[in-house]
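Below, in structure tokens: the form predicted alone, a single chain.
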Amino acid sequence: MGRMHVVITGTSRGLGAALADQVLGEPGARVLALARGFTAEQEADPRLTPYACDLAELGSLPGRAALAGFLAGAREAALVLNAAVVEPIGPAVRLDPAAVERAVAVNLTSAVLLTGAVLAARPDGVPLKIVFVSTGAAHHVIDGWSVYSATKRGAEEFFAHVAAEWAHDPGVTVSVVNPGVLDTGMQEIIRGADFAERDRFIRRHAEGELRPPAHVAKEIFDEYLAV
């Protein structure tokens, strides 16, 4: 699949870092990594282009011109929207406005804007795969998770519309992925939060039920990017 250029959000750790590693295991692949910081290995890898930004600061996102420059020369292109924040966790009456604003920007608004920018920057005739990493919480009520669930559910609806808009073009595919419960920093935050179902997450961690990010990254790559 030579010369695949992939834009990935949230690459500094967890699933995003594993996805970047998985993509870069392919000959000729390049990654545009969007994160607030990068590992030394990422910064030293000539196949990875670090783009420092905070998805909560929408003005820091790469625009159409920057994305077009990265995608130039690609035979295949992909956008993987992995970054997310689970906080704030708690009842609606006590939610911090700044934390709510950040969650909406990271989980929903940035995904909307990046998708539009990548679609506009896509080189003529180059296949584009869009993958949004969602969660089962988008379809279930979990005590205190109203913001996380709502933003993920809203993003799923957005991508359903994007898929319909591009249904005439087989070169553009849109996929929504639920990777299950992963052993990442987000789970650490969840286990330290105060909500009714916290013990269930603590127990799953103690019993080794959390999935390794590298395994999930390979599954996502094989099913949604390598096809």
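Predicted, not measured: the structure shown is a model, and the values here were computed from it. In case it trips you up, residue 1 is the first one in the sequence shown, and so on.
The next section is about a form of this same protein that is not shown, the form predicted together with a small molecule.
Participant: Counting only heavy atoms and a 4.5 Å cutoff, which of 119-127, 93-101, 153-161, 80-88 contacts the small molecule in the predicted bound form?
Facilitator: Selected range: 80-88.
Participant: In the predicted bound form, does each residue in the set 14, 55 and 106 place a non-hydrogen atom within 4.5 angstroms of the small molecule?
Facilitator: Each of the three qualifies.
Participant: Just give me the single entry in 49, 175, 39, 187 that has a non-hydrogen atom within 4.5 angstroms of the small molecule in the predicted bound form.
Facilitator: Contact residue from the list: 187.
Participant: Have a look at 133, 74, 114, 147 for me and say which one sits with a heavy atom within 4.5 Å of the small molecule in the predicted bound form.
Facilitator: Spelling it out, the residue with a heavy atom inside the cut-off is 133.
Participant: Residue-level contact is defined here as any heavy atom of the residue lying within 4.5 Å of the small molecule in the predicted bound form; does residue 193 satisfy this criterion?
Facilitator: Contact with the small molecule, no.
Participant: For residue 180, is any heavy atom within 4.5 Å of the small molecule in the predicted bound form, or not?
Facilitator: Answer yes; at least one heavy atom of residue 180 falls within 4.5 Å of the small molecule in the predicted bound form.
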